[in-house]
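Take a look at this single chain in structure tokens; it is the form predicted alone.
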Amino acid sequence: MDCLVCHEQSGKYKKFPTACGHPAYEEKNFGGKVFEPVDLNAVAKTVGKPGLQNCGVCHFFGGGGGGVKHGDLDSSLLSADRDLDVHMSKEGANHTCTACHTTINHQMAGRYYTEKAPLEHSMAMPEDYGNRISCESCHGSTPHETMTILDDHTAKVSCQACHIPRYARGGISTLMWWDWSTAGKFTEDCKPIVEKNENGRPTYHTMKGDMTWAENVVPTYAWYNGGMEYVTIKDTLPKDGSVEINRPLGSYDDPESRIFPFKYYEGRQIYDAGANRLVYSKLFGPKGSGAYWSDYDWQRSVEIGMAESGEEFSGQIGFIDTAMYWPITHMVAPKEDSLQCAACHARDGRLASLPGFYLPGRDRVSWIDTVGWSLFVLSIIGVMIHGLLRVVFRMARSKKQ
């Protein structure tokens, strides 16, 4: 990272992949691409406030390609219409990333990783106030001008849960499953195998294994108080054969928690089967270095990775199913496209598996249902008896007259 990454506006400042942060100072080839030398004087003369392109050049392509990590951040946001994102589209608020990700002394306001994400129900005004990273910073905790009953939800439901009905909506799919255990296959003449789907996305790659992509994905929902719990390389993994690398913290009983949408990103990766821990593996390097992408030997790759990191390794490798939660907070849809009540308040709705609380329309208590229906039936019977008695007494009075 350097100043030009965030501030140059020419679009011509590119890092060379293996130059430890330096651009190409002379013409170079890498991965079948030609990297032209960068005119640093010309680039420096274009500096300005960071725009979508500056932030997106990294965050839209995290994990090695567009939409690999994030489900709500990809290059479709560079030309987003209002239906895709009401904040970033030119027809909408026309915001850049720094409208919300404000800075104090060049420290970017972010979420989730080094400290607890802010979920305050308070306004952050005036405009130059430090932290505007939560929706309430601009919209407050009672944003609904009509149907004010919706404001009763804001204590337990995040804005994102209703206003981002699906992610990966801009025509760019996001990676949902990545199986490293199948990597390393070659053709009979020892050529790498690359298979792609109809959208040009790799479904198998010799270097990376099998992959599954998706668009217009319904989020996974969880209680979230802004904190995350992580599994590190020091932690012993559970013995049930799978592990969540990170987990959002929170519950219904936690007053700071709200229902939040996530991309649930699954895969299968290598681990220390003897010590039952995650491992470091060496992927990149010249042939003969033990790097997996050169020698395709997982055992050697892990041995070197663990040795260089100073971590102990039992010598036994295996593959384990893993999953990660990636918070969804971009691609905010117009209010007319937000979720309707029945999306959640239903037996098979979006919150069908979210535990810890009673949700009208989803949950039922059998004895209450029995009592309720019994009272309903008795009421009907009472009305019928009352009506019948009125008819009988009226007929009796008529005969007397």
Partner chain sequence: MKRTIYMYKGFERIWHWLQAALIILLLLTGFEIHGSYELFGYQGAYVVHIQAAWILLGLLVLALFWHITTGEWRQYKPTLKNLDKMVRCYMVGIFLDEPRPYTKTPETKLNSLQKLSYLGVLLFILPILIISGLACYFYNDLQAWGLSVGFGSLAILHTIGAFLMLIFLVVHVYMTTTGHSPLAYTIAMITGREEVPEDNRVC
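Positions refer to the first chain, counted from 1. Predicted model only: the values in this text are computed from it and were never measured.
Although not depicted, the form predicted in complex with the partner chain is the subject of the following passage.
- The contact residue chosen from 148, 236, 242, 79 relative to the partner chain in the predicted bound form is 148, the criterion being a non-hydrogen atom within 4.5 angstroms.
- Shown here without its partner, the chain carries 342, 376 and 383, all of which come within 4.5 Å of the partner chain in the predicted bound form through at least one heavy atom.
- The partner chain is not drawn, but in the predicted bound form it has no heavy atom within 4.5 Å of residue 48.
- Remark: residue 58 does not count among the residues lining the partner chain in the predicted bound form, judged by a heavy atom distance of 4.5 Å or less.
- Contact annotation: residue 335 falls outside 4.5 Å of the partner chain in the predicted bound form, judged by heavy atom distances.
- Among residues of the shown chain, residue 361 is one whose heavy atoms approach the partner chain to within 4.5 Å in the predicted bound form.
- With the partner omitted here, the stretch from 214-222, 191-199, 87-95, 140-148 that lies within 4.5 Å of the partner chain by heavy atoms in the predicted bound form is 140-148.
- Shown without its partner, the chain has 368, 369, 372, 373, 375, 376, 379, 380, 383, 386, 387, 389, 390, 393, 397 in segment 367-398 as residues with a non-hydrogen atom within 4.5 angstroms of the partner chain in the predicted bound form.
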